[in-house]
Every structure is written in structure tokens, then in C-alpha cells.
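The data below hold one chain only, encoded as C-alpha cells and taken in the form predicted on its own.
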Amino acid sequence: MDITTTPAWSAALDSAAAISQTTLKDLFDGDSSRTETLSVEVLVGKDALLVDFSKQNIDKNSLQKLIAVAEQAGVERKRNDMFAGVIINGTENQPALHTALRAPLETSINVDGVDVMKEVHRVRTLVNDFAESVRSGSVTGATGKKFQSVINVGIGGSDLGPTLVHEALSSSTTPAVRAHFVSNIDPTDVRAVLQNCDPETTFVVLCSKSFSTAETLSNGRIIAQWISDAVGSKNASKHFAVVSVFPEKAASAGLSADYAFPMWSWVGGRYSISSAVNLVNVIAFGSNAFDNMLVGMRAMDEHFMTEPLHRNAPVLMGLLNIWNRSLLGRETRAMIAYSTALKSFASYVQQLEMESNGKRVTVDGQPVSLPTSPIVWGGVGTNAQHAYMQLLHQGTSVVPADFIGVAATPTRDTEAHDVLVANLFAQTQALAFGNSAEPHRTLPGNRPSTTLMLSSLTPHTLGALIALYEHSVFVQGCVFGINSFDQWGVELGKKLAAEVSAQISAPSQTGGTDASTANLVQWYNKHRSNT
């Protein structure tokens, strides 16, 4: 179904045109209950997550129109199908069951006639037990020394998620084992990490869903040689674990590993942080931290499944993103975390959203008839205030922004933390309401933002925050009418990279190469040995 052909979409378009004639000041002045109506709090045990949508260019009437769009798009039915294991990833003919990875054991979810929950919990227990063995020293390297460092080797979802979790949890907990992350195929990346490690006390986690990812294989081989040089090639496998749908491919790729942890084809890489892909952090912070993160994700899953649409945080977030992108024509969205521990969150959401919803055809293979994913970008506050916030306040483009803050600081520096959070609140206030002054000092205001506050940054709230964005992306994909769980747009570049690599190795073999690429290969080969 093309949502743009429905009466619900036409009504939403009319509402968007009407809202363009108002300002956020008008909306607040005209509705004393606006903040309460447009704020949702999700409880996660003793922790809480508050989402305040009140500074978005929306009113009660517009919100009702957006809810009608969600209903017309079948968001609730498709949500239920996803959780039940129905095949919703049509181009790959499989479910999208990342939510199963944090579901209770008593849940029953069938894939090809098999209940997958026992296997999910078996692997979770396997990961936890192994991590605790590394932490305690009962699992050691080839020379019997306790592991002091663990290197996570992966890219995309196998790197962005683990990196985010490690940075977030490190703000309040000292890792028992030092963690390092290698992703880029640029060899200077892996060599810089190895300089800070001892091969006898380093453990390596190779994360690759397909175990054919060029970056992971290249970095893995460099590290394997480094460890082999220290402990012998026959013993190097004691330092390696593989996380993959196809762990058996490791040996054939020249990367033998004594430990293997399965993934499943029905969990996309960018949704894999609930899986064994998070092994590096289970080793660093312990199994309780991993379990509590999954509890937080499950709390948001249950909120998404049970709350009515007008009080459902992921639904409202997804619909407001559609409102800004597809109805009001705002092409980008900023993500600004006022927490250094969440400095990688913008990059994480960037992949989650743009790889999921950066599509130009529907599930039926027809061209989409509305703009899909915005360009997602951002960083950390207050640094942002001294960089790109100028454009958000006074530029000619309206850029919706998500501001993320944490109420409780893990340090004793409460005064500095108060100033940090004050800056967050002040930026959203200035964007919304602006000020009138001489032309160069005038801020027009009426710039939309959403504020998300965590009571504290814990495994619980981190899990809930990640799941909130996962489900928001799903809601948007339902309305767009696209498949949010494939990523065919990355495949051609991989194929061509292999062909160009062959041309670099054998410069005379340039068949099928365009003139520009052939010239670049020739120039590169001329200069590549200068250092």
C-alpha cells in the first residue's frame, strides 16, 4: 500500500500546512497541558527514561492525524508480526528477531517450525559463562597468563554497538579487562591498538555475521600473525573467539579460534548488540551488566508492544521523524548527547537509521512516493555549541534535533554536571523560542527538538535507549512501506572494491574499469611505495 494515496496521509499533509503557520510559542501559549501530553516516561526497574516531544512543531490535531497514518500503515499489526517471528524481511526471506534475544525463556517464538528461545538462552549462558572464565583467569592464553586486554574486531554493527556500550558503561564502572576496538581496514588502526597490548595477554573477538567481511578478515590476519610471532602459530587459536552465523569459516580464512559463539541470520548486524556480538563488553564489565542491559531493552520492547499509540514513545518518535522528514521536508536530523559517555550514540543511530531506512523502493519493489530516511549526524554537547549549533539557531535550514542527557552523574562534580545539563535545556529553549534583537543577534526560534533524559546511565537505561531507537526506525519503515532489515545498497561497493584490488595487484588488468578509476589506480601504484 502506498501511504500517500490514503485519506489519512492527505489529512496529515493538510495538518502540516496548517502547523507551518504557527510557532512553538503559540503552541505553548495555547495549551497549558502541552508538556504533559507530549511527554512519555518509561520505567526500567528503579531507573527511568523521559522523552519530551513538546518542543516539536506539532499540536493535538496534528498528532491525531499522525496516529491515523500509523493505523493506516498497519504499524500495530506489523509490530506484532515482527515480535512473533513472521517473515518481514522479504528480500532475504527471514524474520527480524533481535527482540527475541532479550525475551524471557518462557516466550515461544517459532522460526521454520522450531522454537528458537531455548537456543537463544543457551547461547546467552554460554557467553556469560565464558566471559566470567576470562575475567577470573580460568581461561588463559597459550602461555598460561591471565588475559589483560581484549580486542573486538568488527565493522558496522559489529563495532558501533560494542563501542557505544563500552564507552557508556566505562563512565561508572572500571572494566576488569581493557577493551580495544578495531574496525577500519586502514592498517594504521590495528597497529595503533597492538602497540598498547601484550600478545601473551591479549584475547581477540572476531565479529562478522557472514565471516566474509574484508575489514574484519584483514585486521584478524594482522593480529593473528602478531600473536603467532609471540606464542607460536599452533597456539595462537587459544587467543581467539569467533562470533558469526558461520563460525566454521574462520579456519578456512586462516583464522583458527578455540572458541565460537553463534549468531542467527534473522538478526541484522545493526540490531545485534543484544547478541554474542557484545562479548567484548561481557568480558569487560561482567555478565550482570549484560543481563541488565537486556532487561532494559526488554522493558522498552514491552512498552512498545503494550502502550497505546498516543502514549507509545517509539511510535511517537517514529511518527515525528516522518512528520519532519516526509511532511515538512526537513532533510537532516541532529543527535546531540550531553554526556561524553554517549559520544558514539550519534554514529550508532546514524547506521541504525540510514542503513535501515535509506531505501528508494517499497517492499514490492516499486519506487517510494515520499522522502525516506533523513541524514542523521551529530556529536556531543557542549562541544556542539562551539561548532555547528550556530547553524541550527540562525542558519537557513531547519534541522530537528534529539538532545540526550543524564540526570545523575557518576562523579562527585555535581556543580559541573548541573552546568552541563543547564546547557542542554538552554539550547532546546533557545531553539524553540529564540529572541528578538538587532538582525545579527536575532534567533528566529521555532526550531524543533526532542529531549531525552535518563535518570542515570546504567545498563538498564542504555538498553532502553537503544531499543527506543530500534523501534522508532521500525515504525518509520512501516509508514514508508519499505523493508528496514536489508541493506543491498552496500553490496555493489564491496564487489567493486574486490575488482579494483585485483587491478591494483595487476595493473595491466583494467578491463571494465572506467577511465577515472583506471587513472586513479595508475597514480596510486606510482606513489604507493614512497614510504
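Don't overthink the numbering: it's just position in the shown sequence, from 1. Everything quoted here is computed from the prediction, not taken from an experiment.
The same protein also exists as the form predicted in complex with a small molecule; that form is not shown, yet it is the one meant from here on.
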Give a yes or no for E355: in the model of the complex, does one of its heavy atoms lie within 4.5 Å of a heavy atom belonging to the small molecule? yes
4.5 angstroms heavy atom contact with the small molecule in the model of the complex for I155: yes
So in the model of the complex, does K60 come within 4.5 Å of the small molecule, heavy atom to heavy atom? no
How about G378 - does it come within 4.5 Å of the small molecule in the model of the complex, if we only consider non-hydrogen atoms? no
At 4.5 Å between heavy atoms, only one of the stretches 390-398, 267-275, 125-133, 316-324 reaches the small molecule in the model of the complex; which one is it? 267-275
Between Q72, Q351, S149, Q385, only one gets a heavy atom within 4.5 angstroms of the small molecule in the model of the complex; which residue is that? Q351
State the residue from Q429, S210, N196, T173 whose non-hydrogen atoms include one within 4.5 Å of the small molecule in the model of the complex. S210
